[in-house]
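What follows is one chain in structure tokens, specifically the form predicted alone.
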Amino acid sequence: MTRFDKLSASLRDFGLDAVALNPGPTLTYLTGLRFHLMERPVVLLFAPGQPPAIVLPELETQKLVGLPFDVTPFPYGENPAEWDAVFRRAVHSLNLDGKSIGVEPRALRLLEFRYVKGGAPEASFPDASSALARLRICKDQDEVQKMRRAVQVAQNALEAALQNFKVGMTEKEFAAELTVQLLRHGSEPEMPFSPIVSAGPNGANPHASPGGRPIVRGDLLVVDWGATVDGYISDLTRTFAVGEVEAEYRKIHQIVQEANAAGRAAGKPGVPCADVDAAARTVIEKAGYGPYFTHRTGHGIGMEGHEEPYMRGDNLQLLEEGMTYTVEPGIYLPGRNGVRIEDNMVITQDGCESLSDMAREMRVIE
């Protein structure tokens, strides 16, 4: 069964007649095509039983050569005044006016939506996120292997960056060093996210941006980073001690390490995502730091840094073989320091496996 066959079945199950996709992971997953989001709109239109139609700039048409499936191109030139007519032809070619055309609200921009809506003014545009997530949520062996390579690239890059670490470097300087090493070790330039490098008080912000603060002795250094290989990503976090650190910081690192181990051990087919969150969270709560674990335990990964399934306390979705996700408990002490330890997991036939194996124990760097 092709990926378009799977899409057809999912659209039928969700009562959708078609789907409209702009550049992003779902379009790439279905077609292998990659486009940048820019001022020139690109939209793939798909309705079961018909070859997909794609509206794209004339300068991009060479990307369609040699595709292993039929596609009907609707190219346009540089004059935006002509684009409406091209979109109308594409929409009408699939007879979509008055139909239910699914969209991805987090991905489809108003720019593309207006062009598609102009060609199908009587159509409805329901949220197709669930129908599309079903396609990508369980990875096959090839996808997992790409993620495994992305993990290895990321781990090797951080080890190389740590060789060039010096006390007194700023967060930005170490983030730059890590970015260079990610490229040198094989990551695609379009990384899943810019590395998060946060030290001392900044480490208490889970999504801090690297700044100009020097990294000094006594800091905990939180590094959250990832690589992209063949369109699939890794997303890891390790926390280091910069020289000698306070006893409480060593304590919370040990607690987070134990919470991470509990979260990793909890995953297997048939287990609710909520149980993974509970396994990690219980360790931190029992240690008295529950209020300082301020986010879910993890999220799905694959072609995106955040996708289904989500490891949170109210999510009763059952884990299935091939699902891939993070386990990333943390403790964040406002104004002082923070700790997070994050691994990438895949559900196997009878349990789960960590794709990442970089040491999780507290490591002192100087």
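For every residue, the number given is its place in the sequence shown, counted from 1. None of these values were measured; they are calculated from a predicted model.
Quick note: we don't show the form predicted together with another copy of the chain, though the next part is all about it.
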If we define contact as a non-hydrogen atom of the residue within 4.5 angstroms of the partner, is residue 179 a contact of another copy of the chain in the model of the complex? yes
So in the model of the complex, does residue 70 come within 4.5 Å of another copy of the chain, heavy atom to heavy atom? no
How about residue 127 - does it come within 4.5 Å of another copy of the chain in the model of the complex, if we only consider non-hydrogen atoms? yes
Is residue 105 a contact residue for another copy of the chain in the model of the complex, using a 4.5 Å heavy atom cut-off? yes
Among 217, 286, 207, 166, just one has a heavy atom within 4.5 Å of another copy of the chain in the model of the complex, namely 207
Check each of 268, 88, 295, 134 and return the one that places a heavy atom within 4.5 angstroms of another copy of the chain in the model of the complex. 295
Three-residue site 6, 97 and 237 fully in contact with another copy of the chain in the model of the complex at 4.5 Å by heavy atom: no
Have a look at 137 to 145, 247 to 255, 109 to 117, 150 to 158 and name the one stretch with heavy atoms inside 4.5 Å of another copy of the chain in the model of the complex. 109 to 117
Who in 34 to 73 is close to another copy of the chain in the model of the complex, meaning a heavy atom within 4.5 Å? 38, 39, 40, 59, 60, 62, 63
